[in-house]
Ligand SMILES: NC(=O)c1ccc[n+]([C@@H]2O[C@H](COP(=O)([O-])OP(=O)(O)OC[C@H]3O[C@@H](n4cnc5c(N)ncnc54)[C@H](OP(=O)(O)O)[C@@H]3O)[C@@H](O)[C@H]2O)c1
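Here we start with a single chain on its own, the form predicted alone, put down as structure tokens.
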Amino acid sequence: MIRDPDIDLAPLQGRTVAIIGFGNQGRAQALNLRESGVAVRVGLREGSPGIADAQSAGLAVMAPAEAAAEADLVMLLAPDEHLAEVYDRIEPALVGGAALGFSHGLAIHFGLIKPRPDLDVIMIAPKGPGSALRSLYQAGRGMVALAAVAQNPSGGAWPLALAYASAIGCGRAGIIASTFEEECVADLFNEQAVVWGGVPALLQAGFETLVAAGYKPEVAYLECVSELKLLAELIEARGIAGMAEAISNTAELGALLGGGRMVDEAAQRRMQTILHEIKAGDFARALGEEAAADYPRLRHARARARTSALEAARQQLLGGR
């Protein structure tokens, strides 16, 4: 784990960083950089809803190619499925020997982008949402990040990656040396099989099981969804072992007897299948196809979730808010 006392900030001193994109990560990283004394400009396409937000934050906003021109480091923080198009648009404007940066390994690992050979290519991937990266920075804390280098013609790509990670606050918590492949595959696996895919599906299934058995939707929601926050806080504070020791004997024994039946060898084999598909590039292709079709599956899933019985129970508990 590399932390601020071990990092030289010189690679960023007197340099200009262009942030392309102003979503969850782009906004947080741009603001954190500025408050760390780094010259920042934001590149956004005409009509982008982020323009007003960036301007109201006092950041210089221009077209992506204009922002990239003369920048020493250009961070591509637009959605993964659009990065190849963004790179093609800005590539002629990139000065020789500049650095190209990412916060996710997908575009480079799966070859969506083939950077010019004269460019340093680095990754600084905070392990959490941009909103948390920003709030932690403002509180004087930081978020763990993975850092990697894919191209290093200048010989200075790694020190630059560390300096950038420090400037957005990650050196306060710790930086782990990684690779584009490791970060990409592990992140996609987590999203699909564990925290963002597996856990919500398990919550939904538990809720539906109780309701189908005749229990009130509000009670099912409280038991199967609301308590997740308590679990996450306990694990964050104590680890999984400490969490088990902090709950009642009833809950601990129930978890011991039930957990292994839910996540058994068959479930782990399905996880291995998901991991294999990710590594083979199946998901990267599916993402491109979904974007090309204007996200029909995502739009359908969002609409279905908004009208689900689980969401109705949540609204009932909130008093219709």
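Worth saying up front: this structure is predicted, and the values here are computed from it rather than measured. Residue indices: 1-based, along the sequence shown.
Keep in mind the form predicted in complex with the ligand is missing from the figure; the text below concerns it.
Considering the ligand in the predicted bound form, the lone stretch of 21-29, 309-317, 296-304, 7-15 in range is 21-29 [heavy atom distance within 4.5 Å]. The ligand in the predicted bound form is approached by Gly130, whose closest heavy atom lies within 4.5 angstroms of it. By the criterion of a heavy atom within 4.5 Å, His82 is counted among the residues contacting the ligand in the predicted bound form. In the predicted bound form, Leu146 stays away from the ligand, with no heavy atom inside 4.5 Å. The closest heavy atom approach of Leu44 to the ligand in the predicted bound form falls within 4.5 Å.
Contact annotation: of the candidates Arg238, Arg89, Lys216, Arg141, the single residue with a non-hydrogen atom within 4.5 angstroms of the ligand in the predicted bound form is Arg89. The single contact residue among Val74, Ala78, Ile108, Ile122, judged by any heavy atom lying within 4.5 Å of the ligand in the predicted bound form, is Ala78. Residues of 93-120 that come within 4.5 Å of the ligand in the predicted bound form, judged by any heavy atom, are Ser103, His104 in sequence order.
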